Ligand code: MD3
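Single chain ahead, written as structure tokens, the form predicted on its own.
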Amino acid sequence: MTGHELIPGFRYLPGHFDRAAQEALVGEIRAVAAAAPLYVPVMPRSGQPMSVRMTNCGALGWVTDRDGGYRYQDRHPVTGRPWPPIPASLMRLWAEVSGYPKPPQACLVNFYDATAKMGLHQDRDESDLEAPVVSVSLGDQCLFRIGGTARKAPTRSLRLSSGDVVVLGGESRLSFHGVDRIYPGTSTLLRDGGRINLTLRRVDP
């Protein structure tokens, strides 16, 4: 499936997961969060808490804190335990849409409540920048914004719904992107509302 290419290398696959597949995936992510609980990360240097809660699954997990900055590590920063494995359904998704021969090593799980957002940023903490970033939306809709490889480049906005997948590859791999807002009550998938974003990444070449 190629989907819609809004900018070179960026693909939008609306409704890639149907409702039954979304429900199954939420169950798998709840199991991940039971083994590796959601926590509130903080920004480097300032220690300012982010508005999302997060966890990871896979051999590596993306973390951030005041002293160590943005990085990948093989253990949960709060529990000290290894991250649980990436669910098989997400491994299949990567094989279907990434076009990359090696499997993902990390899946970042971000939970957005009604007021959470994510500022414009690049995913560039990986050594392997040839592999794409594959992202799944579950739950309430969000306003996703993507620009170019310069922070002040023009941006385009896209309203993502539950079950949508986006792929940042090729020229868009280092595009600045973020989430401007959540639209509460636009999905009944999550019992208490909110949005889950799953981001699959290959870290090492």
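Owing to the predicted nature of the structure, the values given are computational and were not obtained by experimental measurement. When you see a residue number, it is the position in the sequence shown, counting from 1.
Beyond what is shown, the protein has a form predicted together with the named molecule; the following relates to that form.
Contact with the named molecule in the predicted complex, defined as a heavy atom within 4.5 Å, holds for exactly one of 133, 106, 116, 97, namely 133. The candidate stretches are 63-71, 168-176, 28-36, 150-158, and the one lying within 4.5 Å of the named molecule in the predicted complex by heavy atoms is 168-176. Among residues of the shown chain, residue 202 is not one whose heavy atoms approach the named molecule to within 4.5 Å in the predicted complex. Although the partner is absent here, residue 92 lies well away from the named molecule in the predicted complex, with no heavy atom inside 4.5 Å. Although the partner is absent from this view, residue 197 contacts the named molecule in the predicted complex, with a non-hydrogen atom inside 4.5 angstroms. With a 4.5 Å cutoff on heavy atoms, residue 81 does not count as touching the named molecule in the predicted complex; it lies far away. Annotation for 106-127: interface residues with the named molecule in the predicted complex are 108, 110, 112, 118, 121, 123 [heavy atom within 4.5 Å].
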